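Presented as structure tokens, the chain that follows is alone, the form predicted on its own.
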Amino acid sequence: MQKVFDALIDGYLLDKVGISENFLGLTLSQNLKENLVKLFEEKKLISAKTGNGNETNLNALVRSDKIFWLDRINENPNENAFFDVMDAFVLFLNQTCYTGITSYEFHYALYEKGSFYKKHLDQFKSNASRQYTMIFYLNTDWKLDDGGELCVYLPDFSINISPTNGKCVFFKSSEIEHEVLMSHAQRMSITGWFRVD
């Protein structure tokens, strides 16, 4: 994994946004996608809110995705394999970049046709614990006209990142505004944050 970790961070340091085309590997990505599809079919996903703590808000005009939080307590072998990779990545970040990461949180996200998430920052105004955002895409056979790009706003320009299968995106939660453009097909991902608590 060292080469994969190095390549992602090299891209982040160069462009403020790191991108890896196969961070988790195709087998784990496929298994996680199957988990997400099963959770969706079992109606276990909930409508996502904005805000944190006691100040959360359900506003479909801002975001219209559905989520389910990953947790080792679920005792799902694929989620636990994912967390094993995240534990190794945290160790890498702390040893090579001196980030001081103490925890993380991740959820599945499913955007149905017509869903989106308006421009925002991932770090809360009332809580600065989220340091880095990481997104993993689980969309096989994604086509250009399916939309659903991640639009990332950099100081002088913006870039659109297609949510193709296996792709991973990494950036600073407090610095990079971004949005999910309207999806014209079912769009699946895992999104999360590395924290300093």
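Quantities reported herein were computed from a predicted structural model and do not represent experimental measurements. Just count from 1 along the sequence shown to find any residue number.
A second form of this protein, the form predicted together with N-oxalylglycine, is not displayed here; the remarks below concern that form.
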property: Close approach of Tyr137 to N-oxalylglycine in the predicted complex, 4.5 Å, heavy atom; result: yes
property: Phe89: touches N-oxalylglycine in the predicted complex, heavy atom cutoff 4.5 angstroms; result: no
property: 4.5 Å heavy atom contact, Lys167 and N-oxalylglycine in the predicted complex; result: no
property: Distance check, Tyr111 to N-oxalylglycine in the predicted complex, heavy atom within 4.5 Å; result: yes
property: Contact residue in the predicted complex, from Tyr104, Tyr117, Phe83, Phe124 (heavy atom within 4.5 Å of N-oxalylglycine); result: Tyr117
property: Within 172-192, the residues that have a heavy atom no more than 4.5 Å from N-oxalylglycine in the predicted complex; result: His178, Val180, Arg187, Ser189, Thr191
